[in-house]
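Only one chain is given next, in C-alpha cells, and it is the form predicted on its own.
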Amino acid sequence: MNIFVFVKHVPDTEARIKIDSSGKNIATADITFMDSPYDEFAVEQALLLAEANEGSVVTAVTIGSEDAKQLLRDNLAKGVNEVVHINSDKFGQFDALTTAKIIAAFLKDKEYDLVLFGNKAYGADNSLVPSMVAGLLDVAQINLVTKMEISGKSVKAERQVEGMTEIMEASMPCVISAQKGLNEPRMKSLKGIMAAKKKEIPSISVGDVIPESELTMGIEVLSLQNPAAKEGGKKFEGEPVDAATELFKYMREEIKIV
C-alpha cells in the first residue's frame, strides 16, 4: 500500500501563547513547536498498517516554513519511509480550503491507497481539511475513526457518534481522519533519531504545487484577542445552612439562574 499521512507543525501544548505586533497572528519567536497531537494517531496508524502489509510505503508530508522540517525528521525517527516538505512562510495564514487545495494538488498525480490526517489540528480545531481534501479528490472519506482494518481494497472503520458506535466501510483510495483512541502513538527510537539526522528532507515550494492565483483565501483573520480575564470567585462563609441560604439568594437575585 501507498500511504500518505499529513502532519502539521503547531505550538507546543504547554507554550504560553502571545499575540504578535500585527494583532493577527501569534508570536512565534520563543515558542517550541511540535507535531499536532491528533496527527500522531494518524502517523501511528499508518505505521501499523505498513507493518501489517509487507511492501507498504508511508510518506509523511507537511506544509510550513523551514522550521517544519524538524517535524518530518521526528516522523522519520518513528519509522516513516519518506517525507516531503511543502515550503511556505504563509502557511499559518491559509484558511482550511486553501490548505485542502494545496494537499489535493500535491496528491493528484500520486498513487495512493490511503490518505491519513488527524481529525483536527491543535490550535485551529476546524476539523475541515480532511473532508475538503476528499471532496476535491473525489474519493471516499471516514472521519473521527477510533478503529479500522483493511481487507483487500476495502477499509472498515468505527467512529463514535452520540453515545454509539457507527461502523462504516469504504473502498480505497480513501481519506481517513484519526480520533483519539485509535491507537497508542509510539516514541522515537534512538536508532531512528540517529538515522533521521542523516537523511535529507526533500523540499518543494508551494508555488510548484499549486498556482499562486489559487491561493486566494476566502477567510481573513481581522484580529486576535486574549480571552477576558476571569473574575474572582465568590465565597460563602458561616454555618452550612446560612451559607446555603446566601448561595441560593445570590443565584436567584444576582446571577438569575434559579
Partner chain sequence: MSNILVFVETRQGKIRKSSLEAITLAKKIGSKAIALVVDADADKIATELKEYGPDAVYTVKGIKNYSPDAYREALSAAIEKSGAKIVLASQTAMATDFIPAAAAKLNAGMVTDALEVKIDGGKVVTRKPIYAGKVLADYAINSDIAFVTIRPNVYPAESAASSPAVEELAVSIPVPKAEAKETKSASDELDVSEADVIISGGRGVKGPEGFEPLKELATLLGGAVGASRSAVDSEWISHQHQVGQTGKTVSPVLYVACGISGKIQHLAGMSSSKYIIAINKDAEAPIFDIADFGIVGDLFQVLPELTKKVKEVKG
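Take the two forms, find the largest set of C-alpha atoms that superpose within 1.5 Å, and that set is the rigid core. The structure displayed is predicted, hence computed values, not measured ones. Numbering follows the first chain given and starts at 1.
Beyond the structure shown, there is the form predicted together with the partner chain, which is absent from this document and is the topic of what follows.
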| property | result |
| --- | --- |
| Interface stretch in the model of the complex with the partner chain - options 80-88, 170-178, 67-75, 105-113, non-hydrogen atom within 4.5 Å | 170-178 |
| Heavy atom of Glu212 within 4.5 Å of the partner chain in the model of the complex | no |
| Close approach of Ser151 to the partner chain in the model of the complex, 4.5 Å, heavy atom | no |
| In the model of the complex, Gly192 touching the partner chain (heavy atom, 4.5 Å) | no |
| Non-hydrogen atom contact Gln160 with the partner chain in the model of the complex at 4.5 angstroms | yes |
| Residues of 14-28 having any heavy atom within 4.5 Å of the partner chain in the model of the complex, listed in sequence order | Glu14, Ala15, Arg16, Ile17, Ile19, Ile26 |
| Rigid core superposition, Asn25 Cα moves 2 angstroms or more between this form and the one not shown | no |
| Exceeds or equals 2 Å, Cα of Asp12 between this form and the one not shown, core fit | no |
